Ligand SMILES: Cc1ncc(COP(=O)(O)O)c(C=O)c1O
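Only one chain is shown below, in structure tokens, and it's the form predicted on its own.
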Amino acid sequence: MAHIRLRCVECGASHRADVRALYCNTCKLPLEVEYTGVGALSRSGLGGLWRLGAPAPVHSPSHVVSMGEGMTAVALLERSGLLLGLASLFGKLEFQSPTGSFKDRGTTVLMSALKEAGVDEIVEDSSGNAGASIAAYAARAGITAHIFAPASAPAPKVQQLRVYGAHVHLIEGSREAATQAAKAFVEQRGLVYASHNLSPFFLEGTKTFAYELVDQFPEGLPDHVVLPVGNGSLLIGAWIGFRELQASGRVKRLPKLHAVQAEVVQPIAAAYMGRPWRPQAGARTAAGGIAVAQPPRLRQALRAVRETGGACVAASEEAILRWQRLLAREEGVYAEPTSAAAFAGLELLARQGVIGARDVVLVPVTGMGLKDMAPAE
């Protein structure tokens, strides 16, 4: 990894590039990739998001682990826009990714870096989509994967983990309990913790979301991008990508990035609004993909929102499930509740006047509804 190093997101301390490195030695906060030389995803005719020309932490095309991820469609959501009083609402159909969620963006880069480093066994914790993505790409790379997930994770997501051949560890209790169990397993076995929440290499894949939007909106980027946020890997990745594009002169302005959480689990929204929040025992949200009570990149997520002029809101359970049904019945888009949460948040932002009627708005539909089905009416 001669053309990169790792840098602390808070104090800026520099660290040697290493797929095992997850925290700053000085302040114990997460790291990000810093490029010290030329590196690009567009190498040797590779397809999908690898052709976009974004800087990448992988040296050799032979180490790339890919299934043609990225390049997901953008669809005009005219009826939903009318319901919200918006003239231009678009959905980016991230569920078209190989494993059915946007997580494949981060996984292809993370898994390629792991393969290049010679890693043959990894540990990950996930409520579903990230674990499925890691399990699939690990199978493709010939890497043994241990996936820790809450015992309450949706059955279709757990089945997806198993069908890829991953060693599945279901943990009773909260989402954080699965994380702690995964970390303990890493320590016991001396394995690599391939955490999508912590690995800076994962963000180097999710940033390609921004690069694609430049191609898909040649007349100018949307005014607003509204995202469902748990740990914030898509939000932060998009922010990194847009900043790179701005620094290179490819874009002049950044879209306002808005973060949506569920009312039941809203550490980032509460921090944004300057109010205390703590998880309530037994409280659950249908939007399990964003049910993260202690996001390690909380400060980075807040910076992404504030520095782009965005906002952060928390959506009710009723609104989340209502928008899942509306998207299916009005647009033919079957989104999982986590994805529908972004539209519930958009409704709040439009009602509050944060987003205007004539603004161009894009919402990533991050995951397929078949993976996390809400009760039908």
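When you see a residue number, it is the position in the sequence shown, counting from 1. Quick caveat: nothing in here was measured; it's all calculated off a predicted structure.
Unshown form predicted together with the named molecule; subsequent notes refer to it.
Gly205 within 4.5 Å of the named molecule in the predicted bound form, heavy atoms: So Gly205 does not count as contacting the named molecule.
Proximity of Val229 to the named molecule in the predicted bound form, heavy atoms at 4.5 Å: Close contact exists here: in the predicted bound form, Val229 approaches the named molecule to within 4.5 Å, heavy atoms only.
Residue contact check: Ser127 to the named molecule in the predicted bound form, 4.5 Å heavy atom: Ser127 belongs to the contact set for the named molecule.
In the predicted bound form, Ala149 touching the named molecule (heavy atom, 4.5 Å): No, no contact at 4.5 Å.
Residue (of Gln266, Thr99, Ser112, Ser233) lying close to the named molecule in the predicted bound form, criterion heavy atoms within 4.5 Å: It is Ser233 that has a heavy atom within 4.5 Å of the partner.
Location of the named molecule contact in the predicted bound form, chosen stretch of 165 to 173, 85 to 93, 283 to 291, 114 to 122 [non-hydrogen atom, 4.5 Å]: Flagged stretch: 283 to 291.
Residues of stretch 329 to 343 in contact with the named molecule in the predicted bound form (4.5 Å, non-hydrogen atom): Going through 329 to 343 in order - heavy atoms within 4.5 Å of the named molecule in the predicted bound form - the hits are Glu336, Thr338, Ser339.
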